[in-house]
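A single chain comes next, written as C-alpha cells; it is the form predicted alone.
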C-alpha cells in the first residue's frame, strides 16, 4: 500500500498549464482516449472546438490513433492552430528496441496526421515480442535495453520530431535507473493517480527531480472495481461545493500539481470535466479526499505482463518492483 502523505492544495485556482523542464508548457487538463474506440474522432473534435481542450493524450496500443488524427485534422480545419495544441502519444512495448523507435514514431505521426509530437512516452518499461499474447506466453517478454532506447528517444528530440520525451508506468527503481543514464531528462512521468491511489512516493520523487506528473484514470474505473464517481467522500465534497464528482476529482489532481487526462466520449462529460478553473477544493475537503483509506490501483498491468507459471513476472508486485 502507498504510504499516506498529505500534500497541500496549491492555491492556484486558474492554473491552466504547467511549465516542463524543457521550457515548454503542458496544458493542465487533457482528453484521454483509452477505450474511446470509433468515437475518438468526434470526442477529440468536440473537446478542442467546443470545450476548449488543447491537450490530447493517446497511444499506439489504444488502437485509436487514426481516429484521433481525424479529429485533430478536423479541428485544425475549423481554425485551431497546431501550435496551440499539445499532443502526446506513447510507444508500445513491442517497439522498445533501438532499431524500432523511429519507425514506431513515424507510424504514429502518420496516423495522427502530424509533423511532430509534443510529448512521446515509453508506455510501459517492458519489451514484448511482436504479437505477444496477453498475458504473454513463455519467451514473449524480451530484455529491455533502457539506455539504448532512451538514446533513440533523445535523438528524436534533437531531430525536431518530438518536443519532449517521458515515461509512463515506471517504478521508483526504474525511474532512478533512467535518471542515471539520461542525457535528456524525462519531462513527464504519466501515472495512475486519484484519491483511491494517490501514488504519493512517485509524485514526490518526480517533484524532487523536476519531472512533471500527468495523472491518468483520475476518476477511477468502473471496470477496474474503483468507481470513484460514487465514492462517498467524493460525493460529499461534490455536493458541498455544488460540483460534479468528476469535476472534484479532476480539480483534486490539479491542486496536487499534476496535469490530468480524464477520458470520455460523451460531449456533456467532456465539457464538464474541464470546468475546473476559477474555484478550489477547500483545504479541509482536500485533506478528506487525501484520507481515503482503500488505496489500490485500477490498472496493475497483470493481464498484460504476468505469466504465473513461466514468468519472468509472476504477480503484479513483480511488475511494480514490490514498491506498493
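Residue numbers count along the first chain shown, from 1. Predicted model, so just to flag it, every value in this text is computed and none were measured.
The form predicted in complex with a small molecule is left out here; the points below concern that form.
> Considering only heavy atoms, tell me if residue 67 and the small molecule come within 4.5 Å of each other in the predicted complex.
It does not: once the small molecule is placed as it appears in the predicted complex, residue 67 has no heavy atom within 4.5 Å of it.
> Is there a heavy atom of residue 124 lying 4.5 Å or less from a heavy atom of the small molecule in the predicted complex?
Answer yes; at least one heavy atom of residue 124 falls within 4.5 Å of the small molecule in the predicted complex.
> Closest heavy atom of residue 29 to the small molecule in the predicted complex, within 4.5 Å or not?
Residue 29: no contact with the small molecule in the predicted complex.
> Residue-level contact is defined here as any heavy atom of the residue lying within 4.5 Å of the small molecule in the predicted complex; does residue 219 satisfy this criterion?
Judged by the heavy-atom cut-off of 4.5 Å, residue 219 is in contact with the small molecule in the predicted complex.
> Among the candidate stretches 289-297, 256-264, 44-52, 276-284, which one is within 4.5 Å of the small molecule in the predicted complex when only heavy atoms are counted?
Comparing against the small molecule in the predicted complex, the contact stretch is 256-264.
> Within 4.5 Å of the small molecule in the predicted complex, do we find a heavy atom from each of 62, 90 and 269?
Yes, all three are in contact.
> Please pick, from 132, 168, 97, 104, the one residue with any non-hydrogen atom lying within 4.5 angstroms of the small molecule in the predicted complex.
None of the other options qualify; the answer is 168.
> If you check 229, 74, 241, 172 against the small molecule in the predicted complex, which one has a heavy atom within 4.5 Å?
Comparing distances to the small molecule in the predicted complex, the residue within 4.5 Å is 229.
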